[in-house]
Structure formats: structure tokens, C-alpha cells
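As a starting point, one isolated chain is supplied in C-alpha cells, in the form predicted alone.
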Amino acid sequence: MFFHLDMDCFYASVEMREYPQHKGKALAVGGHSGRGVLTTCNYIARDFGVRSAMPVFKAKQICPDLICLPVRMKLYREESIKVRAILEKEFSTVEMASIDEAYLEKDLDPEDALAFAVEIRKKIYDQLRLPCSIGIAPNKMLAKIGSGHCKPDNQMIIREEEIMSFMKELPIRAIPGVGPKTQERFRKLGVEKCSNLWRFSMDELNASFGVWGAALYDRSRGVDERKINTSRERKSLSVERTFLESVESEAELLQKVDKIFPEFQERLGKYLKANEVSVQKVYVVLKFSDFQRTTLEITSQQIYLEQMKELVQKAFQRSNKAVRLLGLGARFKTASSRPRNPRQLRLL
């Protein structure tokens, strides 16, 4: 059976443990200044409508008593390492999908798997005082969907014989990878649930969605053949800055590039030195005062200041609006970035 463990509102849970006086109060992490955005929030804050990526000023409008704490990544990474250590004692294969979630696998029958999940959650809470949710299923995708369904602080199993009935009523947006734009395309096709997608052939989905079409065909039916990946590759590295006051002019924005670029160059240099990867693309990210976001990238193995400035200029000129966030980044050439064709289309 596959397990997907997801730490419940991880950063906020760590902060609530560190500050027990905040127990029972709406709490969020990130965007400590009024111009920032939230990284996450606890479930009390979510009941008010507060969400991650929400501007702080908006969150405080709908939840005036919201406690907003600064991000402490060093602390969260330390707690993530402790969670992983617990998991590695219980599972032979552990794939850390992010700082707060992991895929795991263990050869257990459904009832034993469910009891084992209860045990794992108890160990993590007893040792770290942090809650988590676990989904259990015959494959990775269903396990992840399960952990989302049973939040917070619970476990859920999807048995082999339950897959089709479960998928039939599942909203299409619940499939990992289906974002707002894909969801809108499906809505125009009259697709709200996974079963609505079953009327389309694989060829039709491939024609509309490219290589993602084959995955959609399978995943809408609960099929996912991915294995646990214990050696995940990092695909990019970036440095971003959110400004206390939006940058109005192109000249001022380029001055910000001068300040950010040395840190980006240093971090990238250290990573390239420690890992056998090379740069494939260079990119910049701008978030404007209206929270619209634009990314501009070019294929390049070399990175230098004037190149970044030119990209920032072009990205800024797309709207000429005030900029509240600037990011400089690089994408790496890795084994997984090579072109691949997961399934050959029929000739006729």
C-alpha cells in the first residue's frame, strides 16, 4: 500500500507549538509586513476565509484578530528532518515530496495499513507535538487525494474495490495537477466530476491537452503507475524579494536587480558546486501591484547581471505596472528534463 503523509498547516502548527499562548486563536505565518502575503494559516483562520497566498491586509480585513508571525524556515526545516527520521525508522522507502509531505510504501493489507497509519501519526505527535494526516491507497495519486480528504489530523484508506466508485463522484479539480486554468477548460466542456471525463477517448484528450491528456485519461479512473522516488531532483533555484513599497519605475527596478543578483549568484554557485547539474534556462518573475504575475525565461547556460537586467526590463514592459515582487532564477538540466513521450498515439 502507498501512504501519503501531509503535515497539517505545518508552519502554523510549529508556531502554535512554540507559542502555546496562541492556542485556540487564528494564526498565520508569512508576510509580516502589511504588504506581504501569507504562507499558511491554521484552521481557525481558515474558518474566517483566510488562505495561503492571501495579502496580509486582506486577511486582517476578514479576520481582525489574526496573529501574523514571520516565516522561520530554519526551524521548519529542522522539524521536517525530524519527521523524516521518524518515517525512515518505519518505512524502507521514503520520498519527501516537500518540506511537509512524504510518499511512503509498505506491504500491508488494508486493515493493517490503517492501524499502522494511526501508529505513525501518534509517534509524530508524541515526539514532535505536530499533527498530520495520512492517506492510504493502492497508488500515489489516490493516497495524496486521501490525505487531503481526511484533514485535519486523521487518516483515510481507499481500497482497490472502492476506486471506481470513489473516482466517479470526485471533483475533477481534486486530481493533482489540475489547476484553475485546466479546471476552467473542463468547465466549458461540461466536466465537473471525474466520471464526466470518461466520455472522452485518450486520443481526444491528447489532442486537447498534449502529453497531459494520457495522464488525465488514467488518473480520472484512479490509475497511477508512478513508483516511490527516493532521489528527487531539484529543477530550479531562485531568490525572490517582496518590496515594502511597490517599485514604480524601470530604473528603480533595475537597481533592485543590482542588489539581489549577488545573493542569487552566490546561492546558485554553491548549489552547482555541490551537485552534478548544469543551468539550462534563466528566468525572472515579477508580481505587480494588482497581484498579476509574469515570468520570462530564456535558454542559457551562462548567467550574468546584464542578462538578468534585460529580462527584467522586458518583463516589466509587458504591463508597466508597479512591481511588488522580483525574482531571479535558474532552471537546471536534469535527467527528468529530457524530452519523453509517455505513450505513443495511434497512427489512424
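Start at 1 and count along the sequence shown; that's the residue number. Under this definition, the rigid core comprises the largest set of C-alpha atoms superposing within 1.5 Å between the forms. Small disclaimer: the values here were computed from a predicted structure and weren't measured.
Although it is not shown, the form predicted together with a small molecule is what the next lines describe.
S.K.: Check, residue by residue, if 261, 297 and 307 all come within 4.5 Å of the small molecule in the predicted bound form, counting heavy atoms only.
M.R.: Result no, not one residue of the spot touches the small molecule.
S.K.: With the small molecule left out of view, which of 168, 241, 151, 72 would have a heavy atom within 4.5 Å of it in the predicted bound form?
M.R.: Contact residue from the list: 151.
S.K.: Specify the contacting stretch among 57-65, 283-291, 298-306, 313-321, defined as having any heavy atom within 4.5 Å of the small molecule in the predicted bound form.
M.R.: Going by heavy atoms within 4.5 Å, the stretch is 283-291.
S.K.: How about residue 7 - does it come within 4.5 Å of the small molecule in the predicted bound form, if we only consider non-hydrogen atoms?
M.R.: Contact check for residue 7: yes, within 4.5 Å of the small molecule in the predicted bound form.
S.K.: Although the partner isn't part of this model, could you tell me whether residue 43 comes within 4.5 Å of the small molecule in the predicted bound form, counting any heavy atom of the residue?
M.R.: So residue 43 counts as contacting the small molecule.
S.K.: Determine whether any heavy atom of residue 79 comes within 4.5 Å of a heavy atom of the small molecule in the predicted bound form, and answer yes or no.
M.R.: It does not: once the small molecule is placed as it appears in the predicted bound form, residue 79 has no heavy atom within 4.5 Å of it.
S.K.: Wondering, does residue 100 line up within 4.5 Å of the small molecule in the predicted bound form on heavy atoms?
M.R.: Although the small molecule is absent here, residue 100 would touch it in the predicted bound form, with heavy atoms inside 4.5 Å.
S.K.: Using a superposition on the rigid core, decide whether the Cα position of residue 291 changes by 2 angstroms or more between the shown form and the other one.
M.R.: Yes; that C-alpha moves by at least 2 Å between the shown form and the other one.
S.K.: I want to check residue 324: does it shift between the shown form and the other one by 2 Å or more at the Cα, with the core superposed?
M.R.: Yes, residue 324 moves 2 Å or more.
S.K.: Classify the change in Cα distance between residue 242 and residue 56 in the predicted bound form as closer or farther, relative to the shown form (magnitude of 3 Å or more).
M.R.: Farther is correct, given that in the predicted bound form the C-alpha spacing of residue 242 to residue 56 is increased by at least 3 Å.
S.K.: Closer or farther: how do the Cα atoms of residue 56 and residue 240 compare in the predicted bound form relative to this form, given a change of at least 3 Å?
M.R.: Those two alpha carbons end up farther apart in the predicted bound form.
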